[in-house]
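Encoded as structure tokens, the following chain is the form predicted on its own, with no partner shown.
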């Protein structure tokens, strides 16, 4: 990766995972010290993140982490449901044997990491993302996949801190993922869509609870 790409990946990960508070300033001098790189790649990364709505820029005030609100989350959620159900329909209509194998492999890898005691949390997040992307990978539309990536990040920055504050959830998420994969591989489009929507809406309920005033 280029320096600009490394800066983008590192900054994006830290913003999504809540290392920077919403609306906190992103000063180039501080970022340069944190990531050990110059202003130019960091500025390029910040401009990319602004295009993804994870960062805002104000004249004479520089860059800030985008604000968070329940209304913004609901907007991102509805957009995500719209994009992913359409991408899933197209993926199931066009997917071949290799695509089916990639879904099975992604689910298997996710389950292995989920069941590891004291496993690497970053690896779990990566495999979770890989599974959800695998479901849509055969849709044939780079635009849909690009929107998936942006909306995944937009909702993930709510999911991680809100679920932690909401406490343990009485859900078998492994079973939910398995049921989605089974419906997808059976090419049962209505059931696959319904299960995917339910999966996200259950998570949304936990996020709403986590964001509610104490």
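Since the structure is predicted, the reported quantities are computational estimates derived from the model, not experimental observations. Positions refer to the first chain, counted from 1.
There is another form of the same protein, the form predicted together with the DNA; it is not shown, and what comes next is about it.
S.K.: Check each of 61, 171, 187, 53 and return the one that places a heavy atom within 4.5 angstroms of the DNA in the model of the complex.
M.R.: Looking at 61, 171, 187, 53 one by one, just 61 meets the 4.5 Å heavy-atom criterion.
S.K.: Check each of 153, 145, 183, 37 and return the one that places a heavy atom within 4.5 angstroms of the DNA in the model of the complex.
M.R.: Selected option: 37.
S.K.: So, residue 209 and the DNA: in the model of the complex, are they within 4.5 Å at any heavy atom pair?
M.R.: Output for residue 209 is no: heavy atoms all beyond 4.5 Å of the DNA.
S.K.: Would residue 41 count as a contact of the DNA in the model of the complex, using a 4.5 angstroms cut-off between non-hydrogen atoms?
M.R.: So residue 41 counts as contacting the DNA.
S.K.: Is residue 65 close enough to touch the DNA in the model of the complex, meaning at least one heavy atom pair within 4.5 Å?
M.R.: Answer no; every heavy atom of residue 65 is more than 4.5 Å from the DNA in the model of the complex.
S.K.: Heavy atom to heavy atom, is residue 28 within 4.5 Å of the DNA in the model of the complex?
M.R.: Answer yes; at least one heavy atom of residue 28 falls within 4.5 Å of the DNA in the model of the complex.
S.K.: Picking from 53-61, 171-179, 66-74, 145-153, which part of the chain touches the DNA in the model of the complex when contact means heavy atoms within 4.5 Å?
M.R.: Going by heavy atoms within 4.5 Å, the stretch is 53-61.
S.K.: Within 4.5 Å of the DNA in the model of the complex, counting any non-hydrogen atom, which residues from 107-129 show up?
M.R.: Nothing in the stretch sits within 4.5 Å of the partner.
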